[in-house]
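In the form predicted alone, a lone chain appears below as structure tokens.
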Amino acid sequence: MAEKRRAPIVGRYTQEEVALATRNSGMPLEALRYDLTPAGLHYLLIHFDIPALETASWMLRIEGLASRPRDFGLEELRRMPSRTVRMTMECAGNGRGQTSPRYPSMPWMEEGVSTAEWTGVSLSILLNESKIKPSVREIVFHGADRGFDRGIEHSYSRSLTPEEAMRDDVVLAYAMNGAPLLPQHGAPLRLVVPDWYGMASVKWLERIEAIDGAFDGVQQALSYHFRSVAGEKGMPCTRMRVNSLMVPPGIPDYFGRRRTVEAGMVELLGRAWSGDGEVKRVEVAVDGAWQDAKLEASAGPHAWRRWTARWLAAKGAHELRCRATDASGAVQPLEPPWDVTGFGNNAAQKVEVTVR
């Protein structure tokens, strides 16, 4: 399979990048105030088109190396034991627009993250019922959305190892935040994979295939790899790196989004998350001087954690930053880690503020 990769660029955003940005949407950072991101504010990355799927006739097919391959309708899935998972989801390309040179793709700044509650059926129930064979090496999830990337026509498809797929919290979701799944979020059924970057959570799911080798689809084998040098194989993007964001305080300038606040005590609020263990510490810096923020109780093993801090704001121009540390000991870097495709940028957020 020949790889046709776009070259990194320096300078203004291209017409194609602007078109992607107007088609997709990020979570406004003020929505960090919500424990659960409302469905209409949850970030979106849609690779191709939203497919036209009729719920009444839609079926999920499980096939390949299964002793009992079969189809499941939505109503049958709804009658099965349900599971609700609160989960923070982040796009692997979040922060790409802050790097230079950058890879020409969706130009996320830092808004490609959200948290929702997903309700559905544990994937393990369906895999057990279909009797996946011991020789299976990967479980492939095929979406109904189809198009071209790197000159190759394909449906959006990703795979997991059986060990990852059988985790109880890996869910085939038909509801989001207690309401039926919306078309843009993958209705009638999508996969949700806690702790992993969002590319693993395949939308508009229509087929699950058990195979005895490595899946070589475009979005698995060619895309979503960390690469420091163009052309290298790289390491697959999997679990989310430790990250944090704050609600920008005060009020914004319309065009530049620079913040203005009144002098005095300012309450800072944000969220921190990681796919490699619980967030254990959040620090906030004012003009480079770091102090610990107050961490609130965990909202669940797969959800972001709320933090607060108090800032005695003095008149003038200031730079605010925040960074998190997770249970593995990983700490957010101060500068974006280099990646050819712009994946995994978890550099500490900067917010420029004028105090009056």
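Numbering starts at 1 and follows the sequence shown. What you are looking at is a predicted structure, and each value in this text was computed from that prediction instead of being measured.
Note that the form predicted together with another copy of the chain isn't included here; everything after this is about it.
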item	value
Per-stretch contact check against another copy of the chain in the predicted bound form, the hit in 189-197, 69-77, 100-108, 160-168 (non-hydrogen atom, 4.5 angstroms)	100-108
Answer option from Gly264, Gly147, Pro236, Gly178, heavy atom within 4.5 Å of another copy of the chain in the predicted bound form	Gly147
Contact residue in the predicted bound form, from Asp35, Asp287, Glu296, Asp49 (heavy atom within 4.5 Å of another copy of the chain)	Asp49
Another copy of the chain contact in the predicted bound form: Glu30, any heavy atom under 4.5 Å	yes
Contact of Gly256 with another copy of the chain in the predicted bound form (heavy atom, 4.5 Å)	yes
Contact label in the predicted bound form: Lys350 to another copy of the chain, heavy atom within 4.5 Å	no
Ala309, heavy atom within 4.5 angstroms of another copy of the chain in the predicted bound form	no
In the predicted bound form: members of 339-356 within 4.5 Å of another copy of the chain, any heavy atom	Arg356
